[in-house]
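Coming up is one lone chain in structure tokens, specifically the form predicted on its own.
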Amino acid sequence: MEVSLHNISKSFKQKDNSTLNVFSEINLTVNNGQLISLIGPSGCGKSTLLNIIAGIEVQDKGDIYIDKSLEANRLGVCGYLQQKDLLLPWRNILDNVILGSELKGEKKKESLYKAKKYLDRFGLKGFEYEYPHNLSGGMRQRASFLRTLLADQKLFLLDEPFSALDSLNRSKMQDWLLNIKKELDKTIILVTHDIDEAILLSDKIYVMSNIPAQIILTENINYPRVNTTTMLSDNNYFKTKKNIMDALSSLEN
């Protein structure tokens, strides 16, 4: 699925009736099968932009194209994975991961069959009948990711999905996502504050400014990334990271 944003602007009315301009004329493109990251200062509208792409919020101006077609009503066209896993505590892991499929009207027997094929690849085999409180944060997030995958959307929106994890689990999850990215065959938009995470996972990185936010830097990642360890020893990584840090530092002046 290809996604293109053309001149997207958004503002909010505040309690004192003043207008807060969140971003102005955002333009970006995500090609089919790409993973792109959005990086920027806190409060610059990254999550708001995801909500607009998902159809949860409506832009003030601009157009969004899905596979080159103008899409005004986008609710239901994407899977949305947020910081918290949002698993239901009264359902075991297997019943949690098929929830999206059930809500779409798929028969439970068919949903269970599809889910069980992925359990081992998602590191959940042997834990499918456990309840969320018995699992680590990384396993719960993998279960949430699998639930999103089984909903069978071509576009994934990931809003800092690993930020609540400790550094070790976060690194493992990043390497895991990098390893299965090609298998997923999805178009993915990731919001992150972690530059290393963006470089490791992304095909392209968009850096946003302070509000009213605009895209101030686009970095294409064309060099191979195997895992976090190999990335940290690559000269291309240091060049990319410096460019992004310089762009973010310029916002503080």
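Here, rigid core means the biggest group of C-alpha atoms that superpose within 1.5 Å across both forms. All of these numbers come straight from a predicted model, not from anything done at the bench. Numbering starts at 1 and runs along the sequence shown.
Below, we turn to the form predicted in complex with a small molecule, even though it does not appear here.
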Just one of 180 to 188, 214 to 222, 38 to 46, 62 to 70 has heavy atoms within 4.5 Å of the small molecule in the predicted complex; which? 38 to 46
Partner-contacting position among 128, 106, 175, 160 - heavy atom within 4.5 Å of the small molecule in the predicted complex: 160
Given that the partner is absent here, does residue 83 sit within 4.5 Å of the small molecule in the predicted complex, heavy atoms only? yes
State yes or no: in the predicted complex, is some non-hydrogen atom of residue 12 no more than 4.5 angstroms from a non-hydrogen atom of the small molecule? yes
Is residue 22 close enough to touch the small molecule in the predicted complex, meaning at least one heavy atom pair within 4.5 Å? yes
Relative to the superposed rigid core, does the CA atom of residue 171 travel 2 Å or more between the shown form and the other one? no
Over in the other structure, so in the predicted complex, do residue 84 and residue 45 pull closer or drift farther apart at the C-alpha level? The difference is 3 angstroms or more. closer
